[in-house]
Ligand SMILES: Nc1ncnc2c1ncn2[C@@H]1O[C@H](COP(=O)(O)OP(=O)(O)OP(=O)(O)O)[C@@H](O)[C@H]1O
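First comes one chain, alone, set out as structure tokens in the form predicted alone.
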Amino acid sequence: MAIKIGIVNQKGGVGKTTTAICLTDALTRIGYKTLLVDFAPQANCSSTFGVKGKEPTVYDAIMKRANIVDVVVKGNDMGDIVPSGEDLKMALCELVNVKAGENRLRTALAPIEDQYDMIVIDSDPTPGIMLDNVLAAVDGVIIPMKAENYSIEGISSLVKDINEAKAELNPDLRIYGALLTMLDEKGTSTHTKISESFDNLSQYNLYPFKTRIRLSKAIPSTQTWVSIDQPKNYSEHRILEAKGSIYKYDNNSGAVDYSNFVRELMEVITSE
């Protein structure tokens, strides 16, 4: 039975999608059979995985009851993916009008849980029934937090929503911890202060992962590979060859940090 991990935050631009992609990639590379579920209508995970947009999407699985086996796209070295698309925006309104709408994602994934070791779910930052679907479906969540002023503000609201989901939808739901992302490795005074504040998340009963994800040019660069038809220089050749994976893009801090994070995460998961 797969361990299911949700990547959640009610703020955008905090590294949620990047964490979902790099975590899936890292887990696959150390031998776990891993599935990424793109549960965000922006479909950035799907784009990075090279999905062209003509395939069935997670919307078909949760709203049209399509067999999830027919929605999974295989063949990527980073792992398999259940793609998303613009149609997922319709689910926001439709789910509130169906019985047990908050359980649709969990129900859709059930037939393939025993086919994977790990299932990673990227989520939309909008609170409500879409987030409830993720919280109902997973064993635990990771909360990425960008290294910037006010990044911790609002975290109490998210923790409250997670605890409510634990009480009402998923009694076994865990918060694995908070992950600090986009940390300036030059150690500016602002980022140093943020890092220190991050370590005090115990007031929210959150475990602050010791691994920090540093700013890395490799991460946004590799995710642009689908827009390169004919590489114009050596850098674009490298990006195209990597096909979205930071582990195929020379040596970079992103690959090092997410590898370290996976090891720490697995220790947390197996601690109970």
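Keep in mind it's a predicted model, so treat the numbers as computed, not measured. In case it trips you up, residue 1 is the first one in the sequence shown, and so on.
What follows is about the form predicted together with the named molecule, which we do not show.
Considering Ile213, Leu27, Leu35, Ala61, which brings a non-hydrogen atom within 4.5 Å of the named molecule in the predicted complex? That would be Ile213.
Notebook entry, point to check: Even though the named molecule is not shown here, does Gln42 get within 4.5 Å of it in the predicted complex, heavy atoms only?
Noted result: Looking in the predicted complex, residue contacts with the named molecule include Gln42, since a heavy atom lies within 4.5 Å.
Discussion item. Would you classify Ser47 as touching the named molecule in the predicted complex, given a 4.5 Å non-hydrogen atom cut-off?
Written reply: Although the named molecule is absent here, Ser47 would stay clear of it in the predicted complex, with no heavy atoms inside 4.5 Å.
Using 4.5 Å between non-hydrogen atoms, is Ile219 touching the named molecule in the predicted complex?
Residue-level check for Ile219: yes, a contact with the named molecule.
Task: Residue contact check: Thr17 to the named molecule in the predicted complex, 4.5 Å heavy atom - done: Yes, contact at 4.5 Å.
Q. Since the chain is shown here on its own, which stretch among 202 to 210, 61 to 69, 48 to 56, 219 to 227 would lie within 4.5 Å of the named molecule in the predicted complex, judged by heavy atoms?
A. Going by heavy atoms within 4.5 Å, the stretch is 219 to 227.
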